[in-house]
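Take a look at this single chain, the form predicted alone, given in structure tokens.
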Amino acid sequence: MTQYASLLIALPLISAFFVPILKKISKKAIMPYLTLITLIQTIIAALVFRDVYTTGNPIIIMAGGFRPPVGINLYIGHFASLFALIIALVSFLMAVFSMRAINIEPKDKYAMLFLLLMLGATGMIATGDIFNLFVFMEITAISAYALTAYNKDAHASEASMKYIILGGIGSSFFLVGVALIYGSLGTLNLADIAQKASLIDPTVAQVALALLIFGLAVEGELFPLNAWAPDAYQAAPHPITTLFSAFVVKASLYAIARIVYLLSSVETWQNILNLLIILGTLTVVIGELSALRQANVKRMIAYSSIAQVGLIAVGFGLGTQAGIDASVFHMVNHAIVKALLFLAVGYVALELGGAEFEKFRGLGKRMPLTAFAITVGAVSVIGIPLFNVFWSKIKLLLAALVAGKTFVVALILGASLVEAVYYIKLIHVMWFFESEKGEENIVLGIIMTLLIAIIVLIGIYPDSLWHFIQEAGRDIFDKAAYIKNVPLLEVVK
């Protein structure tokens, strides 16, 4: 009965190939078709989420009916079901936004790439095979390269080229890491790798894990392989920028955490955790300090997003259940807040012809709902109480203290202080200058209001989400349960 969960992969793939046929029938139908498919995907994801969290058991789908490691399997546990729902919901909201934001042809190519991006990110969190993780990562990356250049100007082309170069480097690192693991253990299935992890040479394991982390660091926006991100965020179509921040980066961070924790039995595991903490710390520092210097609001929020990614990586590097739970909580909160911020800022850029700070002068008078949405997103990212990010930052602080990493507490507090400086500057520009009254789009206003309500609801009632977060975190941390849940076939050599 649960085999319908395979539609999370099949639906966007098949739908993407139907776009050229639809184009021959009616070009005007392409964007509504994209919206419809993402809505169906959201419904399927909601049903999968309900089944997993109601039964408490993951959904295992075996391709062709062959048991792993001979066959390929999908593993849709608590984390995958939660984030598949987030991916689908954000995709639906941005498909609605795309109907207003995307005017450049060919829209059929945009719709196909949009669906493939959603497919790739969903596949990355659902696959149970490390080589297929690479395949889905490449689908995500290639779609992202093309979408970054979609606006067809010099800046977009340059940003896409940077992304392609760094992405190629990351892919090479990842493949070499996969080759080292396969050469040592003779398997590509993640559960089988976890079961045999103690057999791998510690040095080989350390090198392989480091290569896999650096390979995923490109999409995960971790220093030093995140130089593409600010340019891509600024140049890409506004709905696509939201997808990058809300779930493309999250899929890569999940993949890092999943691989690292499945190989927790190797002797050099602590070195890998330290590497994650170092990369995360550098990402936070560089991201926050770079955000301070920006004159373009969209670029500023991009650097802010990079810094939050660093905090998530640091939480995963703590090596504890509490650290994972806190990072997953921050991933969810960050996805919601940045969806709101990039949507609102992108809408302003569309209406006023750019995202420079000057365009936001007096926005509170011109577009009050949009300005309010940006304000809510800004104070949430800073970590103000009664907004969702406050609670995930608190959870990160507590996890760091329990793990004895007091410098992480200073990192989080320092990052919040820097965030306050540049976000308060933006709030001041919006609300303390005069401007003429303008009109706002009703549909986008409803979407922004919905996201604001979710942010405030989680801020006031964090326990309503915390139960789901803990289950998702346990899904990553509990390696034994992961191995037990996958019906591995004993292969006779």
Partner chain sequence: MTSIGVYYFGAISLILIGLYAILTKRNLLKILVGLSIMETGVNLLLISVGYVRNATAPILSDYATPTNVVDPIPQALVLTAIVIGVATTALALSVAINVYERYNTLDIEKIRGLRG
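Numbering follows the first chain given and starts at 1. The shown structure was predicted, so the numbers you read here are calculated from the model rather than taken from an experiment.
Just so you know, the form predicted in complex with the partner chain exists too; it's not on screen, but the next bit is about it.
Only one of K365, K107, R361, K162 comes within 4.5 Å of the partner chain in the predicted bound form through a heavy atom, and that residue is K162. Residue in contact with the partner chain in the predicted bound form (any heavy atom within 4.5 Å), chosen from L273, I286, V135, L262: V135. The stretch that touches the partner chain in the predicted bound form, counting heavy atoms within 4.5 Å, is 227-235, out of 318-326, 227-235, 197-205, 83-91. Each of D153, I169 and Y303 is positioned with at least one heavy atom within 4.5 Å of the partner chain in the predicted bound form. The closest heavy atom approach of Y182 to the partner chain in the predicted bound form falls within 4.5 Å. Shown alone here, S416 lies farther than 4.5 Å from the partner chain in the predicted bound form, counting heavy atoms only. In the predicted bound form, the partner chain sits within 4.5 Å of a heavy atom belonging to V176. Residue contact with the partner chain in the predicted bound form: F357 places no heavy atom within 4.5 Å of it. Residues of 413-448 include none with a non-hydrogen atom no more than 4.5 angstroms from the partner chain in the predicted bound form.
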